[in-house]
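Single chain ahead, by itself, as C-alpha cells, in the form predicted on its own.
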C-alpha cells in the first residue's frame, strides 16, 4: 500500500491568490466522493496537491452570511471539489478536472484517457454514468432528504427511483468486469488502468465502504461511513453488488491509489 504524510490545509482565499501549484478543495476528515476521486486521479498521475478547506453549506450563525459566498464569487459555483492550477481558470466538473490532471501529470505516469478513440469512448462513457448527471453518485445523493440531496434535486419520486438507478449502474459495471475477466483483464476498459477504474473504485465506497485499512474512520466521517454501509443494504443495491465489484474496488484502491486514504480531520 502507498501512503503519504500530512495533510495540511490552507484557506480558500489563499488558494485562489496563489500563482503556482495545483490546489483542490476538501472537507477535512471526510471522504467526499468527488474530492476523493479527484485526489486519487491526481495521485495516479503524480500531481502534487495543495489541500484547501472547502466552505460548508448553509448560513454562518455569527455573520448571517452564506458560508459559500466567497467560493461562488471566485468560481461562479459551489460544488466540491474546486480545482485550481497555476493561474488557469478553476475547474469544477469531473471531466475537465480529469483532462487537466492528464495534461499536467508526471512523465511516465499512467495515461488515464486512452489514446485509442474506441477505448476512450468506452472509458469516458463509463465515467459519465458513474460521475455525471443522473448517474450513480447523483442518485446516491438523493436516497435521503438532506440539504445535499435537495441540491441534487431530491423529491419523493426521484428518491423512489434512485435505488434502481444506482443498482443499474452497479450491474453495468459488474457485467463489464465479467466480460473483461473473460478477456484476461482486471480493468474496466482494455488491458490497462483508465480513469473509469479510478473513478468507479473510489466513488463505490458510497455503496460499499472498504475496511479501515483503506478508508480510516475519523470523527468527521464516522456517520458518513455508517450511511454508506446502509446504502449497501438497500435491497436493489445489495442484489446488484457482487464479489467482482468488491474485488475490483479493493484491487484498484490498494494498487494504484493513496491507501490508507489520507483525510485529515480527527482519527478515531
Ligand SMILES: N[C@@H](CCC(=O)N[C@@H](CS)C(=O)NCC(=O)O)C(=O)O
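Residue numbers count along the first chain shown, from 1. All values reported here derive from a predicted model rather than from experimental measurement.
Unshown form predicted in complex with this ligand; subsequent notes refer to it.
Colleague: Considering only heavy atoms, tell me if residue 109 and this ligand come within 4.5 Å of each other in the model of the complex.
Modeller: Residue-level check for residue 109: no, no contact with this ligand.
Colleague: Does any heavy atom of residue 43 come within 4.5 Å of a heavy atom of this ligand in the model of the complex?
Modeller: Residue 43 lies outside the contact set for this ligand.
Colleague: Does residue 177 reach this ligand in the model of the complex, with heavy atoms at most 4.5 Å apart?
Modeller: Close contact is absent here: in the model of the complex, residue 177 is far from this ligand, nothing within 4.5 Å, heavy atoms only.
Colleague: Contact with this ligand in the model of the complex for residue 165, defined as at least one heavy atom pair within 4.5 Å: yes or no?
Modeller: Although this ligand is absent here, residue 165 would stay clear of it in the model of the complex, with no heavy atoms inside 4.5 Å.
Colleague: Could you spot which one of 144, 128, 99, 148 gets a heavy atom to within 4.5 Å of this ligand in the model of the complex?
Modeller: Selected residue: 148.
Colleague: Have a look at 78, 171, 185, 161 for me and say which one sits with a heavy atom within 4.5 Å of this ligand in the model of the complex.
Modeller: Only one listed residue qualifies here, and that residue is 78.
Colleague: Given the stretches 110-118, 177-185, 190-198, 79-87, which is the single one in contact with this ligand in the model of the complex, using a heavy atom cutoff of 4.5 Å?
Modeller: It is the stretch 79-87.
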